[in-house]
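In the block that follows, a single chain appears as C-alpha cells, in the form predicted alone.
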Amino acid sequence: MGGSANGATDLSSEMEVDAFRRLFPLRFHERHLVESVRPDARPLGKSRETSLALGAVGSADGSALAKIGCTTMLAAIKMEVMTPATEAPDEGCVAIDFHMPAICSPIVRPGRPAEAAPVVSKQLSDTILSSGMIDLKQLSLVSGKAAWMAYLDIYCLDADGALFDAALLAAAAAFSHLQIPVVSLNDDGRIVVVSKQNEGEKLKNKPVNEEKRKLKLRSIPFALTCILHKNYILADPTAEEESIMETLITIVLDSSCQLVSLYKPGGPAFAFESVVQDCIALSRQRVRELQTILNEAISDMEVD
C-alpha cells in the first residue's frame, strides 16, 4: 500500500515539475543554471553526445549521417560534369542546399519553407567556401572545358537545436567520404562518367582519371553554438533552450583551431570580449572532440 502511495506521490511531483516547466520555462531553466547544470543533466559547457556514420546514402557519391543529441542531419553529395566558368577555367563548383521537411520539427509547417533553412544554407556556403576546406582546382577535369559540380544536399531529420553545427559536421563528413567518379572522353570529345553500363567505353577511351579518387581536404571547419544568458554560457543548446534564451553566438574554428567565422544574429545579451574568448575556448575543446569523432568514422569506413 505504501509503495503505491509513494508511486502516486512521485507521479504527482513529476506532473507538477512538467507543468512548471511549461508555464514558466525561463524560471525553470534559471533554477538549473544557479546550480551550474541543465535540465538534461549536462554541465553548462558540455556538448551533447555526438555520432557520425559515413556512407549513409548508397546512391550518393559521398554521404554522412550526423547526430548531436537528437539533432540529426543527413548529407549527400552528387557529382555532375559541367563547363567551368570563363573566369575560373581550372576550377569546379560546390552548390549547397539545406532542407527542413515538416517531419523535423513541429514548428515547420507542411508546404511552407522553414524560416531557418535559407539562413543555415547561406551560413554553410559561406563557411565551407571561405574556410579553404576544398581546393576547387581538384574538381577540374579538362581546363576550360570540363569540371565537376558537387551538389551537396543536407536534410534535417530532427531539429533539436544547434542546426548549423550538426549540418556543418555532416557536410565535412560527406566530403571526407566523397569518391569522385571515373570519367573518360567519348568519340565526340565529350566527358562521360564511366559506370557499369558503359564499361565498354572505358576500354576504348582512356579515362581522364584512372580510378575513383578522394578529395584532399585541407582545414576542416567545425562549429559550436553557445547561448549567452546573463552571466552564463551554455554550449550546444537544445531547441527548447534556444527558444527561451534568445542570444546565440556561433564560433567556427578549423582543425588547427584557427578562427574561421563568428556569427551572432542579435539577441538581448552583449558579447563582450571576455565572453567571446570563453566561447572560443569551449570551441577549441569541441574541435578536438569532433576531429576525433570524424577520424574514427573514417577509420571505421576504411575497415569495412
Partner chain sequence: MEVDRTDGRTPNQRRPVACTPRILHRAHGSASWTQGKPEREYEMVLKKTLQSICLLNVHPNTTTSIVIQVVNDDGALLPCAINAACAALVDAGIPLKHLAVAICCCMAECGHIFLDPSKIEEQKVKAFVCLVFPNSMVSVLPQGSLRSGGELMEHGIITSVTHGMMAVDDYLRCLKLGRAAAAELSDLSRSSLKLKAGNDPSKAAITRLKTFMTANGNIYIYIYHYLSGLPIFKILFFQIYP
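Residue numbers count along the first chain shown, from 1. For clarity, every value in this text was computed on a predicted model and none was experimentally measured.
The same protein has a further form, the form predicted in complex with its partner chain, not shown here; the description that follows concerns it.
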inquiry  = Which residue, I227, V183, I96, A147, is the contact with its partner chain in the predicted complex, using a 4.5 Å heavy atom cutoff?
reply    = I96
key: Partner-contacting position among D153, D158, D126, E91 - heavy atom within 4.5 Å of its partner chain in the predicted complex   = D126
query = According to a 4.5 angstroms non-hydrogen atom cut-off, is P101 in contact with its partner chain in the predicted complex?
reply = no
ask   = Does any heavy atom of G69 come within 4.5 Å of a heavy atom of its partner chain in the predicted complex?
value = no
message = With a cut-off of 4.5 Å between heavy atoms, is R288 one of the residues that contacts its partner chain in the predicted complex?
response = no
message = At 4.5 Å between heavy atoms, is L259 in contact with its partner chain in the predicted complex?
response = yes
query = Pick from 50 to 58, 35 to 43, 233 to 241, 251 to 259: which stretch has non-hydrogen atoms within 4.5 Å of its partner chain in the predicted complex?
reply = 251 to 259
Residues of 274 to 294 having any heavy atom within 4.5 Å of its partner chain in the predicted complex, listed in sequence order = S274, V276, Q277, I280, R284
